[in-house]
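In structure tokens, the next block holds one chain alone, the form predicted on its own.
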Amino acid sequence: MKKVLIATDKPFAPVAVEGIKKVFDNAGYQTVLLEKYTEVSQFLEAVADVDGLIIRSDIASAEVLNAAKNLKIVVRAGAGYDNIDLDACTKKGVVAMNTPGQNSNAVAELAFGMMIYAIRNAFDGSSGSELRGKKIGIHAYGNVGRYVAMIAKGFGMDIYAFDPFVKKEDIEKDGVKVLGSVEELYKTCKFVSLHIPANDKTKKSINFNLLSLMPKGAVLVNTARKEVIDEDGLIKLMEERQDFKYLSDIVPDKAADMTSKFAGRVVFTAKKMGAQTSEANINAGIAAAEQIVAFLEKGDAKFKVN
């Protein structure tokens, strides 16, 4: 009997776990659950004899992969997969996947929730501003970016995007204006919603020079990864520009410094909340389970990332 481990320091919702187990039960697989573990050793022990692995924000490191003697596939239930050691997976012949699109609406809705909270001054009773008629720039037009555009239309915003990896006509058919450079996007838009991955090219790419191009009253929303922000450059900019606001679903490394210096102009969630909805939990978890079964039974590697 094939065995699959669900290793989640931040557990799925119970209804999602039930759905995942049902997928594996129907396939004749055994499901092993490791939740809220406190030591890596617990992860290493649990993964030792499994064929498949589902994780959320958990780290599938080389150490974990080496401990998993029978492992054939690891799936990150979510879009980002920088918590998987892809090189180690490839060396061991393990297929790594993500579940693109399953959390997208939840992340997009959070971005707008944070925007409204910020521009209405944390609902402190003072006069704020509105989204209608404002220009929003979507930096990376993937699954989340498309949902951001959809919601922005409902708010009556003027929508722009930059993504060199997506065809211009595919973006324009959504009623979104395509800009030719990242600099033009930041120069044009009062609001920028950030959705780029963290890699060697993007880390610290959102820097002082780029952010200084944004119009007066600018709001940067980061539901991507903290590593893409040059935090020193951001702090410098916010010291020079009292009009700039930064909203992040990822607590920055220098959060304490930012909070003390820029009270009322920064908003950080307590932990990464983009995918923290019951719907996203269910969608991503069940998608991960279905992808594991499809791969182990049919060799379907559609969402392979290594």
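Not measured: the values here are computed from a predicted model. Quick note: we count residues from 1 along the sequence shown, nothing fancier.
Just so you know, the form predicted together with 3-phosphoglyceric acid exists too; it's not on screen, but the next bit is about it.
Though 3-phosphoglyceric acid is absent from this view, in the model of the complex it lies within 4.5 Å of a heavy atom of just one residue from 77, 192, 234, 74, which is 77. Proximity to 3-phosphoglyceric acid in the model of the complex, taken as a non-hydrogen atom within 4.5 angstroms, holds for one residue of 61, 269, 259, 57, which is 57. None of 235 to 243, 26 to 34, 49 to 57, 64 to 72 except one has non-hydrogen atoms within 4.5 angstroms of 3-phosphoglyceric acid in the model of the complex; the exception is 49 to 57.
Put simply, residue 22 is far from 3-phosphoglyceric acid in the model of the complex: not one heavy atom of it is within 4.5 Å. Taking non-hydrogen atoms only, residue 226 never approaches 3-phosphoglyceric acid to within 4.5 angstroms in the model of the complex. Taking the partner from elsewhere, residue 103 is found to have a heavy atom lying within 4.5 Å of 3-phosphoglyceric acid in the model of the complex. None of the heavy atoms of residue 247 is located within 4.5 Å of 3-phosphoglyceric acid in the model of the complex. In the model of the complex, 3-phosphoglyceric acid lies within 4.5 angstroms of a heavy atom of only one residue of 1 to 37, namely 10.
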